[in-house]
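One chain is shown next in C-alpha coordinates, namely the form predicted on its own.
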(Lines give C-alpha, C1' and ligand atoms only; values in the text may rest on other atoms or scores of the structure.)
Protein backbone atom coordinates (compact mmCIF):
# COMPACT_ATOMS: atom_id res chain seq x y z
CA UNK A 1 0.00 0.00 0.00
CA UNK A 2 1.34 3.43 -0.91
CA UNK A 3 1.14 6.50 1.32
CA UNK A 4 1.81 10.17 0.68
CA UNK A 5 3.50 11.47 3.83
CA UNK A 6 4.05 15.15 4.54
CA UNK A 7 6.01 16.28 7.54
CA UNK A 8 7.59 19.35 8.98
CA UNK A 9 10.19 19.27 11.74
CA UNK A 10 9.98 21.84 14.51
CA UNK A 11 12.87 21.13 16.87
CA UNK A 12 12.75 23.04 20.14
CA UNK A 13 14.70 26.29 20.29
CA UNK A 14 16.56 24.90 23.29
CA UNK A 15 18.16 22.17 21.14
CA UNK A 16 21.82 22.95 20.49
CA UNK A 17 23.21 23.10 16.97
CA UNK A 18 25.42 20.09 17.78
CA UNK A 19 22.44 18.04 18.93
CA UNK A 20 20.46 19.05 15.83
CA UNK A 21 23.36 17.95 13.58
CA UNK A 22 23.74 14.68 15.48
CA UNK A 23 20.04 13.93 15.03
CA UNK A 24 20.18 14.84 11.32
CA UNK A 25 23.00 12.33 10.88
CA UNK A 26 21.01 9.63 12.66
CA UNK A 27 17.99 10.57 10.56
CA UNK A 28 19.96 10.05 7.32
CA UNK A 29 21.15 6.63 8.48
CA UNK A 30 17.64 5.53 9.44
CA UNK A 31 16.17 6.86 6.18
CA UNK A 32 18.69 4.82 4.20
CA UNK A 33 17.71 1.71 6.17
CA UNK A 34 14.04 2.35 5.37
CA UNK A 35 14.96 2.81 1.69
CA UNK A 36 16.81 -0.51 1.70
CA UNK A 37 13.70 -2.14 3.21
CA UNK A 38 11.56 -0.65 0.41
CA UNK A 39 9.40 1.35 2.81
CA UNK A 40 10.72 4.81 1.92
CA UNK A 41 10.43 5.19 -1.85
CA UNK A 42 10.97 8.91 -2.66
CA UNK A 43 11.50 12.19 -0.80
CA UNK A 44 11.08 15.79 -1.92
CA UNK A 45 11.83 19.03 -0.10
CA UNK A 46 9.26 21.81 -0.04
CA UNK A 47 11.15 24.96 -1.09
CA UNK A 48 11.24 27.70 1.51
CA UNK A 49 10.10 25.47 4.39
CA UNK A 50 11.45 22.76 6.66
CA UNK A 51 8.94 20.42 5.12
CA UNK A 52 9.27 17.14 3.27
CA UNK A 53 6.90 15.15 1.08
CA UNK A 54 7.54 11.46 0.68
CA UNK A 55 6.16 8.41 -1.06
CA UNK A 56 6.21 5.48 1.34
CA UNK A 57 5.11 1.88 0.88
CA UNK A 58 4.04 -0.48 3.65
CA UNK A 59 1.63 -3.40 4.01
CA UNK A 60 -0.61 -1.33 6.29
CA UNK A 61 -0.85 1.89 8.29
CA UNK A 62 0.55 0.27 11.44
CA UNK A 63 3.78 -0.71 9.69
CA UNK A 64 4.01 2.80 8.24
CA UNK A 65 3.48 4.34 11.68
CA UNK A 66 6.21 2.16 13.17
CA UNK A 67 8.61 3.21 10.39
CA UNK A 68 7.86 6.91 10.90
CA UNK A 69 8.12 6.58 14.67
CA UNK A 70 11.57 5.00 14.25
CA UNK A 71 12.94 8.25 12.80
CA UNK A 72 15.11 10.09 15.34
CA UNK A 73 13.36 13.42 14.64
CA UNK A 74 9.86 11.92 15.00
CA UNK A 75 9.16 13.57 18.39
CA UNK A 76 9.41 16.97 16.67
CA UNK A 77 7.55 16.10 13.44
CA UNK A 78 4.10 17.27 12.45
CA UNK A 79 3.05 14.41 10.15
CA UNK A 80 0.14 14.09 7.73
CA UNK A 81 -0.49 10.76 5.99
CA UNK A 82 -2.73 10.05 3.02
CA UNK A 83 -3.35 6.49 1.88
CA UNK A 84 -3.21 6.27 -1.91
CA UNK A 85 -5.34 4.15 -4.22
CA UNK A 86 -4.56 3.44 -7.86
CA UNK A 87 -6.46 5.64 -10.30
CA UNK A 88 -8.33 3.71 -13.05
CA UNK A 89 -6.25 5.47 -15.74
CA UNK A 90 -3.08 4.01 -14.16
CA UNK A 91 -4.32 0.42 -14.31
CA UNK A 92 -2.97 -1.71 -17.09
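Positions refer to the first chain, counted from 1. These numbers come from a predicted model, not from an experiment.
One more form of this protein exists, namely the form predicted in complex with a further copy of the same chain; it is left out here, but the text below deals with it.
Visitor: So in the predicted bound form, does any heavy atom of residue 39 sit within 4.5 Å of a further copy of the same chain?
Guide: Flag for residue 39 set to no.
Visitor: Could you tell me if residue 23 has a non-hydrogen atom within 4.5 Å of a further copy of the same chain in the predicted bound form?
Guide: Residue-level check for residue 23: no, no contact with a further copy of the same chain.
Visitor: Residue-level contact is defined here as any heavy atom of the residue lying within 4.5 Å of a further copy of the same chain in the predicted bound form; does residue 72 satisfy this criterion?
Guide: No.
Visitor: May I ask you to check whether residue 77 falls inside a 4.5 Å heavy atom distance of a further copy of the same chain in the predicted bound form?
Guide: Answer yes; at least one heavy atom of residue 77 falls within 4.5 Å of a further copy of the same chain in the predicted bound form.
Visitor: What residues in 42-63 sit within 4.5 Å of a further copy of the same chain in the predicted bound form, counting heavy atoms only?
Guide: The stretch 42-63, when checked against a further copy of the same chain in the predicted bound form, contributes 42, 43, 44, 45, 46, 47, 48, 49, 50, 52, 53, 55, 59, 60, 61, 62 at the 4.5 Å heavy-atom cut-off.
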